[in-house]
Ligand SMILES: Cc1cc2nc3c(=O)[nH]c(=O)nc-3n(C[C@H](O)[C@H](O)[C@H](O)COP(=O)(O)OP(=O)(O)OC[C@H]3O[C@@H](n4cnc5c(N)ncnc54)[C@H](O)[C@@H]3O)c2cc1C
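In the block that follows, a single chain appears as structure tokens, in the form predicted alone.
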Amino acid sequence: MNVISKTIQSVPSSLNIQLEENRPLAPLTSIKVGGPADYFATVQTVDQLLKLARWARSVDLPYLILGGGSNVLISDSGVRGLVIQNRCRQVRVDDPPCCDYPQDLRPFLFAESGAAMAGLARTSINAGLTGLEWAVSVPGTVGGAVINNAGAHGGEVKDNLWNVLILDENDEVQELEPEQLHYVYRSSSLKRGQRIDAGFGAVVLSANFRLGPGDPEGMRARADGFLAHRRRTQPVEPSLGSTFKNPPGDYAGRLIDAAGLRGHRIGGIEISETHANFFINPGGVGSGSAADVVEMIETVQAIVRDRFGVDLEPEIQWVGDWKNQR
């Protein structure tokens, strides 16, 4: 038995967590590609997430938090270390404390980091709270949305975020306000760069959103409109989501389409006929590969640069062991 396997046996039984070895990750991603995790565990509560991350740090086992698996491209070589699947999904509407906050402060919408953004948006609508209707068509979880400043239809996370609870890199639980996260387009200070492997970074535990009263009927109509727009304009096949950031004053999809690349195929990966900024994997798990996606990204970047002089920047995160990518 190797040293890591011996270490795995030291997981505190009180956490009630089962660790798996060599767990396939492709089925857990939106594009259905990628290699396995050396070790894998699922957490259901914030307490489990917090304690498991702290335990991994204590035994020098690098970890990576996996939420909904959207907008991430996992290497075919997989992830060295421990992948923690975040299924902490509690959501609730809270009134502000009577004494610690201004009395006219709007209600909080509290969400644990593994909650789905689309579900959070529906909860807000059902509670008659406006500000998150844009998120009804957004894939992924609250934790990923907070880290990446997710957005759609003119809205983004920073617009209504009140604060975030994180386990910081010094092993302290901290409450951060949006200003401390230095939000920019599709990024924040919590984002570790485009290429990330397992490590010992900060962990998003939960978030509070401040929302105002709204007309439920009107909000539902807007949300339904956003969903209908998504169905018309985005593919249903497994995909990364939007592959590239929109360059200033233009759209990545328009440039890719104008370059004649709509429908282009490399291996099992295609550029969607529905929206050219979406790379799809029609065959699902076992069809396309991360290597196919990388080749498609590089091909598109080179052709768009040659034809239009525009450098397209990927919006996705490259996750896992890319040094040993097969």
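In this text, residue numbers run from 1 along the sequence as written. Remember, predicted model here, so these are calculated numbers, not experimental data.
Beyond what is shown, the protein has a form predicted in complex with the ligand; the following relates to that form.
- A single residue from the set S77, N148, N160, N246 has any heavy atom within 4.5 angstroms of the ligand in the predicted complex; that residue is N148.
- Contact annotation: of the candidates V136, L82, V72, L109, the single residue with a non-hydrogen atom within 4.5 angstroms of the ligand in the predicted complex is V72.
- Judged by heavy atoms within 4.5 Å of the ligand in the predicted complex, the contact stretch among the candidates 118 to 126, 137 to 145, 213 to 221, 169 to 177 is 137 to 145.
- The candidate spot formed by G67, N86 and R230 is fully in contact with the ligand in the predicted complex: every one of the three has a heavy atom within 4.5 Å.
- The closest heavy atom approach of S30 to the ligand in the predicted complex falls within 4.5 Å.
- The ligand is not drawn, but in the predicted complex it has a heavy atom within 4.5 Å of V203.
- At a distance threshold of 4.5 angstroms between non-hydrogen atoms, G241 is in contact with the ligand in the predicted complex.
- Not displayed here, the ligand is approached by F278 to within 4.5 Å at the level of heavy atoms in the predicted complex.
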